[in-house]
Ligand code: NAD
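What follows is one chain in structure tokens, specifically the form predicted alone.
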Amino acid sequence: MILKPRFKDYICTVSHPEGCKKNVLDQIEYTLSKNNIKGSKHALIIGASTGYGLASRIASTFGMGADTIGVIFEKPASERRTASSGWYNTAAFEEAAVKSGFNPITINGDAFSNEVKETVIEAIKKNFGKIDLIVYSLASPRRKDPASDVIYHSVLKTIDEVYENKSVDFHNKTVFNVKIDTASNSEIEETIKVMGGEDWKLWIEKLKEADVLDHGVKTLAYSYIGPELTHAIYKNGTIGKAKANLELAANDLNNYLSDINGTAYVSINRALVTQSSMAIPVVPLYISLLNKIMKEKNINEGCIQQIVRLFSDILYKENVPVDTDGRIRLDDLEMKEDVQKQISELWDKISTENLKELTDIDNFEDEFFKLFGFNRSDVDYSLDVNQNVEIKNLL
């Protein structure tokens, strides 16, 4: 089948297996180019198929030499559609890991469910005995509570007042104003239920109760704060309330894990072109401007560069550097004063007419297509490809 991209809202509904494979191999190559990282030997990555979760699995395996269990929620191919990009990413990762002598295990299912948690625990007992690193990197619009079976939905809304600002349609390169309504109390609570720390805590509690956590275990969850420009929709909005709850969960987990010398951290990462960030109004335009400035300053990083830096330079130090709220600040380069000053100076000037001049919108679009395996110069998209790719170590 010859595959071409098709779109629905901010998601590409077609993925290219060869392009996705190349993306994964690039991340592996970057990881291998760095010195060996001392750290985990048996890691669990919850949300392991795209973005920071995929980068964490790659860095754990090819940087630290860890065997991993990856939890994903992805769709295989059918006669009428390709598999999701996360499916192809995982297949490519597993193929490369096995060739390098590792023992990766992948579980495809709803990470919020008790069933998946129990399957993971059995896999740990059978294959590893115990694990020493858990990365929690879930991004989902909905969550079914395993205790009540109630389904909660998250919303991207403000809290104090209606918010208006610029955003961008990168397909047709136009800048437009977007208005974001305020959330009700129930919408705030539901967003916290989906995107907060409750499920992270449930994972760690079940793993500890099953006695599969190693002494000195580390667990990480990823978050974002961003500049004042995006605070209304992010930090001070419904997402921000959920992320504040995630930070409270880290404090609770540090107490809960203290008897086995375990630690829990929230890592504040930088804004990047990911499937999750595409859903947030204003943020795509901000990222296209941010990337241009960071490239000019030669400090730009992608997912794998961020996570390799996290694992090699921060997480396994004797005294992990954190801010006054106990968070790892991997967004330090994004939040540099000179970077944010330049963004503030340019933001009000951006219009459809000067979009390409002031931002890196073309590269933003290119990075978006690459998330789904397209727009790579080393892939011939005129050729037939087999869309039915198997994940061989899938449970």
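Being a predicted model, the structure only gives us computed values, none of them experimental. We number the residues from 1 along the sequence you see.
Although not depicted, the form predicted together with the ligand is the subject of the following passage.
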| item | value |
| --- | --- |
| Ser167, Pro227 and Thr230 each touching the ligand in the predicted bound form (heavy atom, 4.5 Å) | no |
| Candidate stretches 145-153, 95-103, 308-316, 219-227 - the one whose heavy atoms come within 4.5 Å of the ligand in the predicted bound form | 219-227 |
| Single option in Ile72, Ala91, Ile131, Val266 placed near the ligand in the predicted bound form, where near means a heavy atom within 4.5 Å | Ile72 |
| Listed residue (Leu257, Ala183, Ile121, Ala111) with a non-hydrogen atom within 4.5 angstroms of the ligand in the predicted bound form | Ala111 |
| Exercise: Lys117 in contact with the ligand in the predicted bound form, heavy atom 4.5 Å | no |
| The ligand contact at Ala48 in the predicted bound form, heavy atom, 4.5 Å | yes |
| Contact label in the predicted bound form: Thr274 to the ligand, heavy atom within 4.5 Å | yes |
| Touches the ligand in the predicted bound form: Arg270 (any heavy atom, 4.5 Å) | yes |
| Neighbours of the ligand in the predicted bound form among 182-216 [non-hydrogen atom within 4.5 angstroms] | Met195 |
